[in-house]
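Single chain ahead, written as structure tokens, the form predicted alone.
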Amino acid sequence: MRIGIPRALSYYKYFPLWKEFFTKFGAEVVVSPPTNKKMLDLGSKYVVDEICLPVKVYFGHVNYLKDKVDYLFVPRIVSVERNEYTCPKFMGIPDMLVNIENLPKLIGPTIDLTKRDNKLWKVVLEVGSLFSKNTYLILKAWSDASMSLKKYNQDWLNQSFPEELMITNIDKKEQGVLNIAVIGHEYILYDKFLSMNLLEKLAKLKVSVFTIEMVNQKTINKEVSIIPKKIFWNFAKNAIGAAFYYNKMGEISGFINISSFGCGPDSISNSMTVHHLKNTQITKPILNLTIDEHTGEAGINTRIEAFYDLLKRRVV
């Protein structure tokens, strides 16, 4: 059995988990190649113009895989934490895929942890039942898969990039004096095409990069607790919490915030982050990068280099 997983959206957060789970049953996991212009153009044909860039790319990856696999793994991710939600587009992906013809069968479990009766183990058994009727084997495969995901996340918490991302990571001891916190969703930041190789560009400048994933969840939840109203968008909450945390770190010289044009939750979280950074006793420069399919790399390069020069003058 060949199971396709698009290299987009939740891939960057959960790929080691599902890869390990499926391979435990002898399935072959097929991943689409890194994003390119052709994939973006192809994906754009199947969605409305107003939808965000990462979703357009996702459709391109699905189209690439559809004739190469027996099943496509397309989960409907509603919530991964109690009383918090993912982006509405994450929830609607399986429904929107009807625009693509000749799709293989979908493995599309609904992951919704907003209520007490929505247990993750039910989803695990639902997906595992496609391969085995033995509950023990399914739960054992899930346990092993969870360990793979834990290691993946631990690499980030150790302030290094997991090998699966194929990100050039220069030892921080060999880098210069600039430390920059890059705030952006993983499906943008770690997609080299969408981020226009932002992390590699910073590595060449000898900059130490700190990202959202390098802050543990307990710390993020503590940082956002100062906001009077609960933030119920999970991705936005993580971005805000990480920015608040890095703002307290004296060694962080500045911020780069990268987001996709047309993202509703980001339009709010970005404003909250900028407002907070400007109203603290320690003010640090912030560079906002908003991308869409028309964004030119030359312009991004110029802004990054100018921001880097600004930070160097501040710390020297």
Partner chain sequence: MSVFLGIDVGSVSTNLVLINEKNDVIYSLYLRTQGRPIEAIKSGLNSMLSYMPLGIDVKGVGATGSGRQLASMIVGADVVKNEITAHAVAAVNQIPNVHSVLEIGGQDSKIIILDNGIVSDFAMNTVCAAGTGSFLDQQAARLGLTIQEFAALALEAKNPVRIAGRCSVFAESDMIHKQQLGHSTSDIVAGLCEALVRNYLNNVGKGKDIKSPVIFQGGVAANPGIKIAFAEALGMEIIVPKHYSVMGALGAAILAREAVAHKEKSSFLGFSLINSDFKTSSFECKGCPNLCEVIELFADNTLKARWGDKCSKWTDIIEDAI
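Residue numbers count along the first chain shown, from 1. Bear in mind the structure is a predicted one, so any value in this text is a computation, not a measurement.
Form predicted in complex with its partner chain: not shown, discussed below.
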For the three residues 80, 82 and 95, verify that every one has a non-hydrogen atom within 4.5 Å of its partner chain in the predicted bound form; reply yes or no. no
Does at least one non-hydrogen atom of residue 193 fall within 4.5 angstroms of its partner chain in the predicted bound form? yes
Does at least one non-hydrogen atom of residue 314 fall within 4.5 angstroms of its partner chain in the predicted bound form? yes
Does the 4.5 Å heavy atom contact test between residue 264 and its partner chain in the predicted bound form come out positive? no
Counting only non-hydrogen atoms and a 4.5 angstroms cut-off, does residue 1 reach its partner chain in the predicted bound form? no
Ok, 63, 269, 44, 35: which has a heavy atom sitting within 4.5 Å of its partner chain in the predicted bound form? 35
Heavy atoms within 4.5 Å of its partner chain in the predicted bound form: which of the stretches 244-252, 23-31, 286-294, 52-60 has them? 286-294
